[in-house]
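We begin with a single chain expressed as structure tokens, specifically the form predicted on its own.
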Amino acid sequence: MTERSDLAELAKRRGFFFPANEAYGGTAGLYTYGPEGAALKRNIEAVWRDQFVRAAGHMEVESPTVVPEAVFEASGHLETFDDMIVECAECGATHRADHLVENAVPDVDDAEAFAPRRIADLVADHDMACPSCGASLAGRPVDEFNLMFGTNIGPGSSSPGYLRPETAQGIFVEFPRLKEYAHNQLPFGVAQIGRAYRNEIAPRRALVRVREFTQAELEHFVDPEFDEPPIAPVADVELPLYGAEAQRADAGGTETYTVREALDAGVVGSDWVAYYLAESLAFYERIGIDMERFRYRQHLPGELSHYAADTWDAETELGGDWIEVTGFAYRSDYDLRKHGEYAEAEYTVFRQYDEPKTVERATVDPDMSYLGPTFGDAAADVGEALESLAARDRSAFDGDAVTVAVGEDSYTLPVEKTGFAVEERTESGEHVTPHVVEPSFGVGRLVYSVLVHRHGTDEVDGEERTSLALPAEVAPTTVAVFPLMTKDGLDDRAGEVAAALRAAGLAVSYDDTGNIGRRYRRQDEVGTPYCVTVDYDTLEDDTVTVRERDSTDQTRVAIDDLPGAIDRLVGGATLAEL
């Protein structure tokens, strides 16, 4: 069996994850996390929350998953959140057209940046066939398909909305209130773990490409002029980088740079992005990612989102393929600036000067008795456009006439009718639109990567053993308790031990079915790091056997000391140190 099929079998049999709604034929791209998977997922989220919320001193919010259309009009998702599709005329199957091109044309690796017409030409030129039935796709139209799930908020269709395709907008849209909780002081971070939805064209590969998934996102709001990340503590952290230049080179590959080297060489363009690349390494190691199968890959120009100047993905290797698990983007002021333009709220922070300053400000006081009759319904918009133009380019008013743009239209009027003037003012500060640094983690893909990377076989007592070498911090069960036999009071004593460990806050499994070796194997297979066996010696001296999963070593521990001993083991102690 392949690595992928081995894991799929384990995931379903042991309750990590399985296709949803199978009783009704299943639904592509939707999965249910079983008891083991739900616990593993929660524990990975807890590690993320510990590192990126608690330890970093950031805030956490929970926003709605149904969002009004106006939010996505402002954010750009209505226009840009599209994939290119081509439909087979024979079988009706729909495919990602840019992916077909990338798979068929060796020198094309960023077809997502191409126009649909060019993609259609490449499909025809290379006589690409439908992956489902083999029919030719040449001549078939390539269309853009918006990935958001649409809905209506309330009865009727007057209030259209969408299931959110990312959790970020739920943070950005609430910025005017969130900045108050941060005392209007930059920098500050707002985190969120929650569900997002994308109507994927071709869901595939279990949890890798799905239609409903969990994101863990941090939006770090910074003053672009004054706020800098603490690079010194991470300057010597080594990053496995697969930069854009290396991707274009025939023999390019991952290269190791320290954070300082990457910044000095211009490989990573943003100090903030470099900082979060370094900070995140500890998180990946904590949850069990194999760092020999991990890299950071820079987006090529054609891949960049509409809001990002530079983006890096954390990728894990799964069965020979590299899969994105996290995106690190410097979003500049795009999101807050766009919401500031559309919404009736202030998306800036007031930056207080150390001392008041006397500054020159360009102002306008349009003659509305002229603008109204001349421009009609557009008069107010022309007035706002004049204010904006004066603030950013006062030289535009140097001539006799000035032209402003309102949407796709332009309007020209005499400067004397604008009331343009340059005035001296004493100001105590200024309004700043923060920039945003965003690490965005795909929780499901992290779960899948950890399972793949930690799933393996070895030999114990002459027999092959399948195990999940999960870190104790994220394992679904921390300790399993067994009675050696279900008689002579051993099972009752084991039940008491299990209850005491649960009362101490540990995740405990109790198992008294089958022989002791079989019980060990079951727990090894689901990643339980420690097993406790209650035997006849327990009835004599109140000690139990503690077995460690990876080494299979054992030691005796007093029952009274057991909760503390398990805590120390989870914290990194060895059996010999108990």
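Don't overthink the numbering: it's just position in the shown sequence, from 1. In this text, rigid core is short for the largest set of C-alphas that superpose within 1.5 Å between two forms. What you see is a predicted model, and the numbers here were worked out from it, not measured in a lab.
The same protein also exists as the form predicted together with another copy of the chain; that form is not shown, yet it is the one meant from here on.
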Kindly indicate whether Thr32, Val61 and Ile85 are, all three, within 4.5 angstroms of another copy of the chain in the predicted bound form, using heavy atoms. yes
In the predicted bound form, which of the listed residues (Ala345, Ala282, Ala265, Val422) lies with a heavy atom within 4.5 Å of another copy of the chain? Ala345
If we test each of Gly372, Gly505, Gly429, Gly252 for a heavy atom within 4.5 Å of another copy of the chain in the predicted bound form, the one that passes is Gly505
Tell me, please, which stretch of 362-370, 105-113, 205-213, 257-265 lies within 4.5 angstroms of another copy of the chain in the predicted bound form when heavy atoms are compared? 205-213
How about Gln554 - does it come within 4.5 Å of another copy of the chain in the predicted bound form, if we only consider non-hydrogen atoms? no
Within a 4.5 Å heavy atom cut-off, is Ala329 in contact with another copy of the chain in the predicted bound form? no
Taking 4.5 angstroms as the cut-off for heavy atoms, does Val437 touch another copy of the chain in the predicted bound form? no
Tell me, yes or no, whether Tyr197 is in contact with another copy of the chain in the predicted bound form, where a contact means a heavy atom of each within 4.5 Å. yes
Answer yes if the CA of Asp143 moves 2 Å or more between this form and the one not shown after aligning the rigid core, and no otherwise. yes
After superposing the rigid core, is the C-alpha displacement of Met84 2 Å or more between this form and the one not shown? yes
